[in-house]
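First comes one chain, alone, set out as structure tokens in the form predicted on its own.
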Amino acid sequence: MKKQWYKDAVYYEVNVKAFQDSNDDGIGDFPGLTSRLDYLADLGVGCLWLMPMYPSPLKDGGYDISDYRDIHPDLGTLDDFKKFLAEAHARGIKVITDLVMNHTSDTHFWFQEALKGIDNPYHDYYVWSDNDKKYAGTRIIFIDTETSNWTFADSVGQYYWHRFFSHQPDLNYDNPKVQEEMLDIVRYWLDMGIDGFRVDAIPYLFEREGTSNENLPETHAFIKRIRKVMDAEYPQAMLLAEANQEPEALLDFFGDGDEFHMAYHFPLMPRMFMALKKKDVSPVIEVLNKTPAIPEGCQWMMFLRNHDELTLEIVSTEEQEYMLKTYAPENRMKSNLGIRRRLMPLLDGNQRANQMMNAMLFAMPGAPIIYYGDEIGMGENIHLNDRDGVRTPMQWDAGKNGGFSNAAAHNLILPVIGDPLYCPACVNVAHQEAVASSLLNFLKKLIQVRKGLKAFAYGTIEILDTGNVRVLAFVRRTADSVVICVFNVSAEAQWCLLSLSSYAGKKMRECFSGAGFPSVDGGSYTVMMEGYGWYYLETE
């Protein structure tokens, strides 16, 4: 089990530059993050996922990397990072970092050299064409801003390929030197002591004419090569795939247990929100039934929200329209094929709905992620550009700039939320730590409860028939633990009748409250719940 620490950790995604400013320049940094590690340890975080921390022109939130082997000067120095890493490990917190393998910034040394001429040794580090007709039919990901996957470079008289923004040229993995460069970068950070990588945009590494240029065999061959190096040299490290694909395609990224250790379960997340608005759990059941078994040693990563838009790429057109109409009534709430909003505003500020959704997330077969600030119900600023509306400064207290920074407001990396319902005066860590019924204290307890329920991290899942479309029920089971999970996705009280003949005579205990529940008498078991009610019922 020691090698599989990643299976039962609770993850926390942190935007370093928006978390805590230590030097009053208005930008969060590693010394600031280090100063808040006790908070994260108290919350119960097992692993931190760091958004990009590398030197970058920051045209895409740091996902446009200009140097893979250093720290962005705004965030501190390599020594600051090493100190942070040591302090996190001292508290039992693992650390994984974003690694963008698919592309670089156009300011990266490699690309600047590539622009000097086709004979330059770095020119072949990228994908070029004499015209923009190759790979026709490949979808454009950033449909709000890009009209082509090709951009013309005057200096060499050729087009370069980019699946994302035009300032992010794709690397050419058909060049063995690029593969070696990336393997050396992987070793560089793992030698420093990090615990793994969240690999961004992994489906797009290779290109082949006549294909979708996603999820190609060549991409999987290179992933296997990375994993082989890690297993041999860094056996405790973990690889997490960001692959926005259907469940069947996601299975490919686990390989035979020799590619990624973990992958995001993208298809589940929008269906959870859909079930909530429709008051019908059918979308969740449908996607769980379509979720394939994964190799031993692998794990799903589950989430409600993160730094990107709530993606609707892998739902039907009808479902897209429903979600956009329901959750993004204003145009500025939309981004590409998604919704750029935070969790609490998506739920109309309803704390009970928030608690139920998190409880459902934590019970799903996989490891859960909390996006920074969602543990206190932070708000959004839809008037900021791109996805910055959900990347605003963490709100620690009701003081200046929410306790994030002592800098003048106009010098902050992004403005603190000003909405009177979600501003720091109303939503902050200090206040919620002191209120027993707060969302923060709820999540602290939920994390502790999950840690004691190994069935959640390691168990099977069996969906139960409830006879009520507003109630989802399933059994999570290991050889020595059984937890029956029941969730009401509506605001009205509901009841259901579960067939539990396998557990006849068993006593029941509700894990979160510790309350005793009636024993299973015969084969039927009646469960009653208030609006957005939920239970983790463990057999004794």
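Heads up: residue numbers just count along the shown sequence, starting at 1. Quick caveat: nothing in here was measured; it's all calculated off a predicted structure.
Heads up, the form predicted in complex with ligand NOJ isn't pictured, but that's what we're talking about next.
Site status: open, since ligand NOJ, placed here by C-alpha superposition from its pose in the predicted bound form, has no atom within 2.4 Å of backbone or C-beta atoms. Among the residues Q158, N172, N401, Q168, the one placing a heavy atom within 4.5 Å of ligand NOJ in the predicted bound form is Q168. Taking E214, D200, D106, D195 one by one, only a single residue has any non-hydrogen atom within 4.5 Å of ligand NOJ in the predicted bound form, and it is D200. At the 4.5 Å threshold, heavy atoms of D308 reach ligand NOJ in the predicted bound form.
Among residues of the shown chain, R387 is one whose heavy atoms approach ligand NOJ to within 4.5 Å in the predicted bound form. Ligand NOJ is not shown here, and in the predicted bound form it never comes within 4.5 Å of any heavy atom of H123. In the predicted bound form, Y63 approaches ligand NOJ with a heavy atom inside 4.5 Å. Figure note: of the listed segments 279 to 287, 81 to 89, 300 to 308, 408 to 416, the one touching ligand NOJ in the predicted bound form, with heavy atoms no more than 4.5 Å away, is 300 to 308. Residues of 222 to 253 placing a heavy atom within 4.5 Å of ligand NOJ in the predicted bound form: E242 alone.
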